[in-house]
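So this first bit is one chain, no partners, the form predicted on its own, shown in structure tokens.
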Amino acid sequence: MVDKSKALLEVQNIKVSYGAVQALKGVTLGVKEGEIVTLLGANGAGKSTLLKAIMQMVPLQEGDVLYLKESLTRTKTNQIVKKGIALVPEGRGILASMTVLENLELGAFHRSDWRSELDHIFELFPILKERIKQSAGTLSGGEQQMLAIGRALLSKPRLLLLDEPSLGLAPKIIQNIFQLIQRIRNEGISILLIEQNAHMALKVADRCYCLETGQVVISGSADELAHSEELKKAYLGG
């Protein structure tokens, strides 16, 4: 049984700048064991920067990121992956000239036992088994997204960071992706989800944070925020 009262990730008042532009202005949020937490906000709000800051792909000016109560601020990205956090980046980050299998193998760079879990990845994403020898660049957008998620899962994460998994996909494929997100959570993996499709994100999430210009402006349970007039006007077309 997953203990949803246990803090998995704690982002504490982090600030990040790109030159003179401050992308994050003191963001605080958390993800508990077994949760799906969604992050909403317009383009340029700082959502992707936040995920990169968690992975230490951009330096923090101030604040701290704790994973299982341990600070990550002096930890290299590859070591963060080994500790149990995986990022599926916006745009998927697939290596087009490599095969599906080679892309999957990259996700398990620190593991020697990864092949034993390929069957589970192919159960989640049967199309990847059919395409296993194909170049990843020949896959459809939906198949590439499945490959990116499968690659991340082979790192054996406890926390999965998903950046715009539905971007550019057809509605039917989006439904499939969100069903998979729920299944992944049901298998014990917590998820921090960035998603422009606010309706879908709030349906699957437990809690939600809304970012505007690098700051959290609204937070609460997904159910509460789905009925928030402020959020409806901003993100749900209400």
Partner chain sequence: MRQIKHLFIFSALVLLMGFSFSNFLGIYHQTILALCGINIILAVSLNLVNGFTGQFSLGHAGFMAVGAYVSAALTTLWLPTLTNPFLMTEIGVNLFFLFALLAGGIAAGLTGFLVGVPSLRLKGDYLAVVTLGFGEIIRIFILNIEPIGGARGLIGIPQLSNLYWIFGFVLLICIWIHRIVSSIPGKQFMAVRDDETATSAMGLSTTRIKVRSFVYASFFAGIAGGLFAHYIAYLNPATFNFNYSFQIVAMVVLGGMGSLTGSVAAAILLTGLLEALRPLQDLTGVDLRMVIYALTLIVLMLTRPEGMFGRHEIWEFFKKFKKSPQGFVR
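Residue numbers count along the first chain shown, from 1. What you see is a predicted model, and the numbers here were worked out from it, not measured in a lab.
We do not show the form predicted in complex with its partner chain, though everything after this point is about it.
- For the candidate spot formed by Val81, Glu105 and Gln134, every residue has a non-hydrogen atom within 4.5 angstroms of its partner chain in the model of the complex.
- With the partner omitted here, the residue from Ser116, Ser112, Ser71, Thr138 that has a non-hydrogen atom within 4.5 angstroms of its partner chain in the model of the complex is Thr138.
- When its partner chain is considered in the model of the complex, only one residue from Leu167, Leu124, Ile127, Met98 comes within 4.5 Å through any heavy atom, namely Met98.
- Residue contact with its partner chain in the model of the complex: Thr75 places no heavy atom within 4.5 Å of it.
- Proximity of Gly142 to its partner chain in the model of the complex falls outside the 4.5 Å heavy atom cutoff.
- In the model of the complex, at least one heavy atom of Met57 sits within 4.5 Å of a heavy atom of its partner chain.
- When contacts are judged by a 4.5 Å heavy atom cut-off, Leu87 counts as touching its partner chain in the model of the complex.
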